[in-house]
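Below, in structure tokens: the form predicted on its own, a single chain.
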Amino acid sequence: MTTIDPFTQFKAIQKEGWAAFAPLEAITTMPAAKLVSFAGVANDHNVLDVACGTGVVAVTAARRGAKVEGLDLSPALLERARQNAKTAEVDIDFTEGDVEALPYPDARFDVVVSQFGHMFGPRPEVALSEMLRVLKPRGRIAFSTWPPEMFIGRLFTLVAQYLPPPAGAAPPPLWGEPHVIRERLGDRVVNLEFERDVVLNPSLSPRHTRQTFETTAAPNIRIKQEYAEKDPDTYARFNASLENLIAAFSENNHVKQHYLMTRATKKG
């Protein structure tokens, strides 16, 4: 029996919007190495990178000797990921797919990771169940997310005021709350641990950063599409609020983007 996905249109919008993300991959490259280390990836592991984007985590893991597969919703980002893997001279199998319906058999991987990606799945319980399903017993799940009280989390909250998510879709910043993660994982895992770090995003000015987001980050791209011509006053208010938010986390020509890493072991 085929189940109808109530978020098909929402995912199509995400697929189109995130296709422009590639120029931001440099910002996520250093935290990719930290996530791979935090996850304990070793050269004998089968690893899945969920919502892999341009493949920075997948390539990092593969260069450490792991056998890696990557999955993402965006064909454009997967093309970039394949180019990155070719440049790094590593062999990675990249697949177009949905975190809520992973096209892999049960207990396939030793480690399942996601960097700022799986959190965009509208139903956390579905995404997490899929990630744990394809993970071997005693395998590790590890992911990086944005805390709601810090820059990117507050950016998503600001965007939601202008582009409300569809009914039933969970706010991505909740994935940055340790108590929420603990509740979502429940008794399916042991050895749950957290670690915080920060990405330093180069920024010549708040306006420079805001304009970069308008061409690379799906939520900001949509804000511009929806308001720039139809409602320039609202668009101007959003831009002013965003630039103020950027300024609040800026110093010495960079924006501080704090993030949370989570690691746990699937019960055997």
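As the structure is a computational prediction, the values presented were derived from the model and not from experiment. Start at 1 and count along the sequence shown; that's the residue number.
Although not depicted, the form predicted together with a small molecule is the subject of the following passage.
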### Task
Tell me, yes or no, whether residue 145 is in contact with the small molecule in the model of the complex, where a contact means a heavy atom of each within 4.5 Å.
no
### Query
According to a 4.5 angstroms non-hydrogen atom cut-off, is residue 71 in contact with the small molecule in the model of the complex?
yes
### Message
Considering non-hydrogen atoms and a 4.5 Å limit, does the small molecule approach residue 62 in the model of the complex?
### Response
no
### Message
I'd like to know whether residue 121 contacts the small molecule in the model of the complex, with contact meaning heavy atoms within 4.5 angstroms.
### Response
yes
### Summary
Partner contact check in the model of the complex: of 206-214, 62-70, 47-55, 227-235, the stretch with a heavy atom within 4.5 Å of the small molecule is 47-55
### Summary
Interface check vs the small molecule in the model of the complex: of 220, 201, 239, 28, the one with a heavy atom inside 4.5 Å is 28
